[in-house]
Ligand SMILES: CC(C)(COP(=O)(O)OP(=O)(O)OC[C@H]1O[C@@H](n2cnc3c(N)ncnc32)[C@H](O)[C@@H]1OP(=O)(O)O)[C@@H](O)C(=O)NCCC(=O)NCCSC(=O)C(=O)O
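Form predicted alone, single chain, as structure tokens, below.
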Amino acid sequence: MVETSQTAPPDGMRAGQNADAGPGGRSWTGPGAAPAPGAAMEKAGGPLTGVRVLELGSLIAGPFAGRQLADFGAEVIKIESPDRPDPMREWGRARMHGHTLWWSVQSRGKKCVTLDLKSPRGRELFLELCREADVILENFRPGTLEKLGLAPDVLWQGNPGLVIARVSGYGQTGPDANKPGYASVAEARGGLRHLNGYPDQAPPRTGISLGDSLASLYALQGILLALYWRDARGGTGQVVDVSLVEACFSLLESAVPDYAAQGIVPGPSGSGLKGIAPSNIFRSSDGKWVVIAANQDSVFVRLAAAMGTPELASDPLYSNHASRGVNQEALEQLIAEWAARFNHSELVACLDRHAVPNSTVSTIEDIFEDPQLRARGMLVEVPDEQLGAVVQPGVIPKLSRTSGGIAWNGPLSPGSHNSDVYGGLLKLNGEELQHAKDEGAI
């Protein structure tokens, strides 16, 4: 269970520090569900406490990495333009009191300030912030920082240890570097889209911005690698260059050596994988799909026993991985006919008794009722003074000694932390703050 605080910390306190707040968020149990076991742990600060991140950019690629850094204690200062805040504030289906809930998740634990990087005073303030920061995280089109007069070489003059993570469609170099890139485009260019769907049909997209999130995970990885090299190995700051296309391409498994050696071009395989059997979805009598993954020889023996046909495991047609691949269609038809005799609860229970890997294909409604996810603290209710509470996905990975946590929901108003950051961190007095505001710098 993850403890969270209800509000932003007092001025000057870094994200992830314990302000002796009372109990905050709780693991979601849902109507009629059993309470999550155990008491809320006292949050002692995540492993990134003391790391300060300036988050530029918008939407998902980049800010998703910022969210994870904040989850583990980094002080993430999200910078938005005074007249053009992050469009993510308006993304998502559900709204409460005029605000979308996705913003509360994507910007949780972050301090939000406004700053116009195009104004002279805005650039001055940004350079001051950079001198106090460890990381810059941006997902502008390549060349944007340079046009603003804020190229890495300029930023390193004031802070040689600054790690600059840059997330873009195609990377900072190459003939397509300046092209705009979105998740759907990257998934297509990187080869993922071609592998999705069914043969001879238009390749569908996944119902999420997968390419953006993948790139953010690589950005997070790169930031941590760069910080380790800087702090543990005596290195300096450097650029972490992440491409959405390359992030998608990196997941193609054996496609590269297979094509290079024998010209093999893998294609979409529907709900299973050609030659891997049984590992597919099968429909129960009440219309729910259940994944049954028993392609390993020893597991197939257990599936055959669960089906009441143990002789299948010794049948030459199905007795080993290769033969099951050759006879995949006939085998999957036998399993489909068997599975259709049970409702999904009965089917899952039978498979579980025989230790056959399986799962109902879960909707979000199913996930809210999942006792395993509840026990792992993966549904967390975070209090909010304006919204009441927002149920959010929990923090991963789970660390045994330096647990992460959700400090607060994404601040609903742009510039919520202007006084905290500019007054507390940069020591601007009230008159200086007002002057910067009058200039349009913040």
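Predicted, not measured: the structure shown is a model, and the values here were computed from it. Residues carry their position along the shown sequence, with the first being 1.
The form predicted together with the named molecule exists for this protein as well; it is not shown, and the discussion that follows is about that form.
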(message) Partner absent here, but in the model of the complex, which of 153-161, 315-323, 177-185, 226-234 has residues with a heavy atom within 4.5 Å of the named molecule?
(response) 177-185
(message) Taking the named molecule in the model of the complex, would I79, W91 and S209 all count as contacting it (heavy atom within 4.5 Å)?
(response) yes
(message) When the contact criterion is heavy atoms within 4.5 Å, does A61 count as touching the named molecule in the model of the complex?
(response) yes
(message) I'd like to know if S216 sits close to the named molecule in the model of the complex, meaning any non-hydrogen atom pair within 4.5 angstroms.
(response) no
(request) Would you please decide whether A294 lies within 4.5 angstroms of the named molecule in the model of the complex, comparing each non-hydrogen atom pair? (result) no
(message) Can you work out whether G169 and the named molecule are in contact in the model of the complex, taking contact to mean some heavy atom pair no more than 4.5 Å apart?
(response) yes
(request) Would you kindly say which of F140, F368, W289, F342 lies with a heavy atom within 4.5 Å of the named molecule in the model of the complex? (result) F140
(request) Using heavy atoms only and a 4.5 Å cut-off, determine which of R84, R353, R131, H97 is in contact with the named molecule in the model of the complex. (result) R84
(request) Let me know which residues along 234-269 have a heavy atom within 4.5 Å of the named molecule in the model of the complex, or say none if there are none. (result) L244
